[in-house]
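Starting off, we have a lone chain in the form predicted alone, written out as structure tokens.
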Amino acid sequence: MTVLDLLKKHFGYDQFRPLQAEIIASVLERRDTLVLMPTGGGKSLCYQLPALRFDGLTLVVSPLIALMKDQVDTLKANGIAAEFINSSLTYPELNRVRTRVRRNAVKILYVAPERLVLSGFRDFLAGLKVSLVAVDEAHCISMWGHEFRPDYRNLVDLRRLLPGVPFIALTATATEQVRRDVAEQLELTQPQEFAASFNRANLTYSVRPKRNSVDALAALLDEYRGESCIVYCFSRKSTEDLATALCERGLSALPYHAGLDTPVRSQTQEKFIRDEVPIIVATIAFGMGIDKPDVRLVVHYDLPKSLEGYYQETGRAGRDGLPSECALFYSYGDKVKQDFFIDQIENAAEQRNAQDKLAQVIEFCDLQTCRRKYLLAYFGEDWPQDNCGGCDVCLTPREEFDATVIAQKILSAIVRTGERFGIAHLSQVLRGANTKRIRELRHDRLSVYGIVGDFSDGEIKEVAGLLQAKSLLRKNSYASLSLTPTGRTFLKNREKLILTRAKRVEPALRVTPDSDPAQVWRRRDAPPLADEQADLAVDAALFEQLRTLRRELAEERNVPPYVIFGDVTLRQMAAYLPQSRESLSRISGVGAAKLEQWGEAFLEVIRSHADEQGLAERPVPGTRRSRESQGSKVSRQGSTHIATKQLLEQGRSLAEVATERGLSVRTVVGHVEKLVADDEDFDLGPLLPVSDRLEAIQNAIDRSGATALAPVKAMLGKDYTYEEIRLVRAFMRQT
């Protein structure tokens, strides 16, 4: 079976994402491989798929205990034998996993890095046939990375314990310095290196002024009501205070930080993953173990410590490729908080490194040019366009204006104050503020004091940012400003300067009385980013029905909803309305295992909705490979119903048929509905509920005025099952 066949069979995809095929080929050639790929870019597949081709075990080292369980659940749902070993397992559970691994019943084993120092675990590994070692979150091995973890340094011992076994190291955020350090620390041998684009085209970035910030945040979250959102805060206390404030404003939010009791943290995370609570207000301790693909909004309520951290945390939005938003609330006062903690760092080199990283974050916040371009440049990637169409700077309508006079005044103020101050102080001088510091410095006696009366503080800062983009001034350490040679020439020659700035506030834009004109931006009116999903004519009502079914199936299996199917898959179902297993198999994300387990359940909902609304199936785009790879299974569609019929005619119950055939009761009921549709004389009597339940269901179906299941279930309550309702509905259609 080719790798493309395996991709379709187990993961439901017809083609690879950029670089995946090349990376997988390198791994299959048993070469050491270093992968730099953004969050949501498909890193996991780069070792999960090769694992299916290797004879032995693939060992995955990951620091994310919660993520291990999610990934193992997802792999099992895709028909792949996987397990994990970490501190969350009881001793009997640990023994069960070890036994399965020794019997070669496991293809992929996830382990936490601290496990590697245990001599017993090393002895366990020495007795196994390990074909591949995958090091996830590989930046954790580097002291220059933003999440250095000492336990990762033990990986070099694993390298020596398993000589000749290829390693693949994967990370979503790594500068050139960190990449070199990762390769050196892991002793990778002439590694093949792959660096995917850091651009997350589906994400929109914005920086917002931090004024009336709780109300502004609540308004933003309200736009995403019912969607999953993460709000990052600087301190533990602020997470609790902010979560409380949001709840008081009618939003459902929970705090999360490392100081909470372990059971509370686990419950909070589970509620978020299972869509029971939509908003988590957290420190950066939250999210590393989250593989949730449908987070639609990530907010940094306080300044992140570094652009690497910011990128990784925003990367938790829109992992499924659907449009999502990343908002950062910025106040220069937040920098002072960060400076205090940086000053506590005793190691001088580490302190300078932290200061440099924070300065880059401040520069990002102060930008008056494309934020995406700046972010990508930080990671060494050139973005050729000047307008990305996906950040607040690029989305805000702009206009030209004559900046000659205001530019001269700002540059003159920089010179007159000795090129030692930041824009906040310079703005106060230019606007004639009567502050104690200005008086002490005698800046109120300068010729530039109070010479600007027609520009607000925000507008002066905006122009300063534009002058920096034009290379007329530069930002130095501690955010002080100085003139460049170009700036000195401009000031000396009094040249004319035309700049572009955000248009003054228009009624069509979303504005509050405290909005900074430089930051005004309306997400809902923004042009959509290039996204193949954006063109789908999704049936919203059907999509919600499919989400309800997904949630029910997830509850039955005790897994997060996205383990069943992701939003992308449900959107395609709600757009193309597949009516057969063959059509459903061509939907992205529907592999053979999921088709067999849940195909009939989803088809039933789709068919029911299509019948109600008089809708026809739409052609599902696909490749010949996808049709061929599923053809043999599709051709057996009829026989699987006949097998169910034969067992039922022998007097078996639905549960007995399901057990004997290795199917869910839900799927067997789907077979029964098909049998009734094909043969109106099929005897449903033995399968129907007792008379009083039958009558109650019939009455509810009549009262609902439709054939959809959800309204009927709502009337009947939790004591009635969807399977009962489907059987009674089939009986009513028969009679």
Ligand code: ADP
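Since the structure is predicted, the reported quantities are computational estimates derived from the model, not experimental observations. So that there is no doubt, residue numbering starts at 1 and follows the sequence shown.
Heads up, the form predicted together with this ligand isn't pictured, but that's what we're talking about next.
In the predicted bound form, none of the heavy atoms of Lys713 sits within 4.5 Å of a heavy atom of this ligand. Though the partner is left out of this view, Gly79 does not reach within 4.5 Å of this ligand in the predicted bound form, counting heavy atoms only. For Thr58, no non-hydrogen atom is located within 4.5 Å of this ligand in the predicted bound form, even though that partner is not displayed.
Within 4.5 Å of any heavy atom of this ligand in the predicted bound form lies no heavy atom of Leu684.
Figure note: of the listed segments 39-47, 667-675, 696-704, 25-33, the one touching this ligand in the predicted bound form, with heavy atoms no more than 4.5 Å away, is 39-47.
Proximity to this ligand in the predicted bound form, defined as a heavy atom within 4.5 Å, holds among Pro209, Gly422, Gly309, Pro293 only for Pro293. Along 10-28, these residues reach a heavy atom to within 4.5 Å of this ligand in the predicted bound form: Tyr13, Gln15, Phe16, Arg17, Gln20.
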